[in-house]
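Quick heads-up: it's one chain on its own, the form predicted on its own, in structure tokens.
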């Protein structure tokens, strides 16, 4: 219990420190830092790319359309969302304005590197059994190098941080699939990847 309390305190302190992060220029236009969320005892950590528009406004990760897809896929894969820790490789929303709309922009390597200190802090505090990298940006942060998703997707990998990892697509990819048949096929592939992750977890982290 005491160790769990210390871990929870450490996450709280990291979150507070990240609120004032100025390690890269992205903080200037973002509404706020969007830190990770979930129990300090989580056996599995999901790492996405960066906050989107909805997340930037809410201050919480994966609360927009991609988050709803992730929630559904986790349920279908037998993973309990409330037992997971969900975060992003980059903690500020990167975008360009188009009138009243803010268009998402992909983070670049210096931004990913600047923000990795927070991922490392989360990893050290939680010590998950598995990290799932959602998309190329997350894979670059988790694996410590540019990683081609197609070559390693759905496999349990070793990382330089000493934690096991699995790489798959970001759920926002499923929103961009053009036709319904392809969308259903790609969703099943995504769920299959998450089932590989689920199979590696202690029973307590899975859905009842």
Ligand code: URA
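From a predicted model like this one, the values you see are computed outputs, not experimental measurements. Residue numbers count along the first chain shown, from 1.
The same protein has a further form, the form predicted together with the ligand, not shown here; the description that follows concerns it.
Exercise for the section: Answer yes if any heavy atom of residue 52 is within 4.5 Å of a heavy atom of the ligand in the model of the complex; otherwise answer no. Expected result: Residue 52: contacts the ligand in the model of the complex.
Problem - Close approach of residue 61 to the ligand in the model of the complex, 4.5 Å, heavy atom - result: Result yes; residue 61 sits at the interface with the ligand in the model of the complex.
Exercise for the section: May I ask you to check whether residue 142 falls inside a 4.5 Å heavy atom distance of the ligand in the model of the complex? Expected result: Output for residue 142 is no: heavy atoms all beyond 4.5 Å of the ligand.
Handout entry: Partner contact for residue 166 in the model of the complex: the ligand, 4.5 angstroms, heavy atom
Key = Flag for residue 166 set to no.
Exercise for the section: Name the stretch: of 156-164, 142-150, 42-50, 178-186, exactly one has residues whose heavy atoms fall within 4.5 Å of the ligand in the model of the complex. Expected result: Only one stretch passes the 4.5 Å heavy-atom test: 42-50.
Exercise for the section: Between 168-195 and the ligand in the model of the complex, list the residues on our side with a heavy atom within 4.5 Å. Expected result: Only 170 sits within 4.5 Å of the partner.
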